[in-house]
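Here you get one chain, nothing else, as structure tokens; it is the form predicted alone.
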Amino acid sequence: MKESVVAYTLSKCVKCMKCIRACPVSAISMENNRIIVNHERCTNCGKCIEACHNQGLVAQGSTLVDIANYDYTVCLVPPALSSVCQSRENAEDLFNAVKLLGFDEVIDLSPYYAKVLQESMAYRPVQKPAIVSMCPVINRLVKTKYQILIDHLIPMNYPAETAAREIREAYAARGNVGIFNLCECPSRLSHAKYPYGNTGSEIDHALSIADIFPMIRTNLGKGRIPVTFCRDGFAAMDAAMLSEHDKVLAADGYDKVENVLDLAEFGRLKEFDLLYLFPCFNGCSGGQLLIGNSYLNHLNLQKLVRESSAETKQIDDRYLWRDGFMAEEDQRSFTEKMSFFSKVNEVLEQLPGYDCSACGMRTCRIMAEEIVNGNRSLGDCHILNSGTREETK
């Protein structure tokens, strides 16, 4: 996936460059007073959006207007949204409020999350530890920054995609079926046909929970839909609950995740069978597009777990597992890659190494890569230019 869900709003940007410094993979730069998002690097983690206090960067999904384009509509509700509810009654009220937005059916995803957890626990990788994440950010991060760990990733579809594939086949006789996924974080917005063009997905539309929650709120208190939550489904998106499993290392928060991947890359976590990673603090209940706060959401989950079923849903492997997982996009030969690496190092030695971001790049190394690619020149370095101007005085 190359497409970034991050959108730039020029009119609200104040050129503070906080987003450039916040991006952990150096996917953001500034050129001609305009923010540029490198789709090859972007992992859709949303760090830039968090750093921007002027809404110069946003992530928006589809709209409810798209419901009218289908004969039958299904809305997928992630366990993270249920975490804003303090009781089962509140959650059933919430599900009804979502259905009243115009959907024909609302489906809870906790059984699909539970199935991914069950299969992950049983998975035996060639190399330990196996890595699983419900979040596209982690898989994208491994692919772009920790390529040596790609073989450690468990090749499963995300729970919402698994559900969509099962629904698509089961509801084939209902005409033009539209599948909508409620998203608790920016990265999930990318896994749908609209608005970001992920044609390989069976999900038609991704909806930002933050965008539509005001409309959901107006429907609260108008009835309830019975929902059978799956206990392990809640555990699968909460780092604290997963930590109770032996031989499982559950890490939440981007910095902690990178630390875990750094250690795994050098083979220092082989004592663990499974790494369960969440870029959001407190797991999926800390998603950027949720309301409330992750501490209360975690407390709510614990209450919901006590009222949930321990039964795990049976899902056909055709929907759960995927082929061509993490296919290589970089078609350069090893020799070509080494040549590029050498050229970058040569340019890097000529740059000051301050990582000041004055050039619009997060680091001097990213600047060196852009120079080698022909997109920038040494003359774009403000520090080097400053020295040249001093010499000519």
Partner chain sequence: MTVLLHEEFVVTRGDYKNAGSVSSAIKDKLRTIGIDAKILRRISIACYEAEINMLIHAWGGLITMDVSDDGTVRFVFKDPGPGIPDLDDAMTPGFSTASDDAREMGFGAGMGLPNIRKVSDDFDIQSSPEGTTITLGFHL
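Numbering follows the first chain given and starts at 1. Please read all numbers here as calculations on a predicted model, not as lab measurements.
Form predicted in complex with the partner chain: not shown, discussed below.
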item: The partner chain contact in the predicted complex: residue 124, any heavy atom under 4.5 Å; value: no
item: Any non-hydrogen atom of residue 240 within 4.5 angstroms of the partner chain in the predicted complex; value: no
item: Contact test in the predicted complex: residue 34 vs the partner chain, heavy atoms, 4.5 Å; value: no
item: Distance check, residue 63 to the partner chain in the predicted complex, heavy atom within 4.5 Å; value: no
item: Within 4.5 Å of the partner chain in the predicted complex, all of 15, 256 and 362 (non-hydrogen atom); value: no
item: Listed residue (140, 298, 165, 152) with a non-hydrogen atom within 4.5 angstroms of the partner chain in the predicted complex; value: 152
item: Proximity to the partner chain in the predicted complex, single hit among 311, 265, 307, 105 (heavy atom within 4.5 Å); value: 265
item: Stretch from 68 to 76, 115 to 123, 141 to 149, 200 to 208 whose residues place a heavy atom within 4.5 Å of the partner chain in the predicted complex; value: 141 to 149
